[in-house]
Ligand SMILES: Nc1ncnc2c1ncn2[C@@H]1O[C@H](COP(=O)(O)OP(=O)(O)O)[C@@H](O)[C@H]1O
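Here you get one chain, nothing else, as structure tokens; it is the form predicted on its own.
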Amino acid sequence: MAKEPILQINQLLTQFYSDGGKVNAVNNVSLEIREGQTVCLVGESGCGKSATAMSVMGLIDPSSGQVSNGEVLFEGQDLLKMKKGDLRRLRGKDFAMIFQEPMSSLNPVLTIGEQITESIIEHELLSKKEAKQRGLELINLVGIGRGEEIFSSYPHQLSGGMLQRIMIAIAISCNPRLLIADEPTTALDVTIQAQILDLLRNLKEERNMSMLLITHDLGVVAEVADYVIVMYAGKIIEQGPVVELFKNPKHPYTKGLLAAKPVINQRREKLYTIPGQVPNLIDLQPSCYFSERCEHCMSICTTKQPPMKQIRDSHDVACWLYEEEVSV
């Protein structure tokens, strides 16, 4: 029997303001994450991955944008309808996020210890002494030695890899049931990337956490994902179990992403790139958003958006190539 979704997003529409009009950064997105499952959200920069995560966390800056429509159900509760105080009590405790840039996410004038224990004191109602002990345990858990020294250090005194581990320590400090990780290995060297991914995988298994991992790195996806969701221009265009999607990609965009990935011991005269440009998200036409870049483009692709269609069990794609009958 399949486990119930811990997170269910229905028809989420997130818009940002610009001089030219509203940008549909997340365009009627629906997805779900089940208990203990790792879902990877992939796509090129600007496709709406991070905006989806920030919408879930309730962190869209009202001066720059808004969630205009949809539901974000965490264990059946719609986070979008919650009062700010109620949402703040859940955020950090029941679900938490590892942000993309630790140096800009951590407060430069507070010690590492102060930043780790802040959430513990607020959500777990522990004393400062008890919170410090928990903080030292977390520093050790994420693979950093010299706990007392690190606890008293400031962000600028630590390396990028150490800061990313501190971000993970902060995120898991209250044992969240859902962890959102936004590009957790960006700007780290390959060796540190592997260590961070191993750490996340081990923590997930030990704590039975659900995880939404946002990345553009298909190598990361292959290593950690149970299920993959591919986004393009704010919309989900393909989704499926990781092995199935990598073995049998259906959407031309997904095929292009996989073809553009370098392969060890495979010589190529030139690395494949997807032709063309992403469409203007302010002036989107009623068409397949990938149509101008697609070598399989048909007349219907330029006039009508394809619906999501199930190809195999749990493998869905939005592409007119897979309609049994196409009216041109």
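Being a predicted model, the structure only gives us computed values, none of them experimental. The first residue of the sequence shown is number 1, and the count goes up from there.
As for the form predicted together with the named molecule, it is not shown, yet the points below apply to it.
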Contact residue in the model of the complex, chosen from T273, T303, S64, S68 - any heavy atom within 4.5 Å of the named molecule
S64
Answer with one of S45, Q277, Q285, S299: the residue that has a non-hydrogen atom within 4.5 Å of the named molecule in the model of the complex.
S45
Is there a heavy atom of A25 lying 4.5 Å or less from a heavy atom of the named molecule in the model of the complex?
yes
In the model of the complex, does A51 have a heavy atom within 4.5 Å of the named molecule?
yes
Does the named molecule come within 4.5 Å of any heavy atom of L281 in the model of the complex?
yes
Between 298-314 and the named molecule in the model of the complex, list the residues on our side with a heavy atom within 4.5 Å.
none
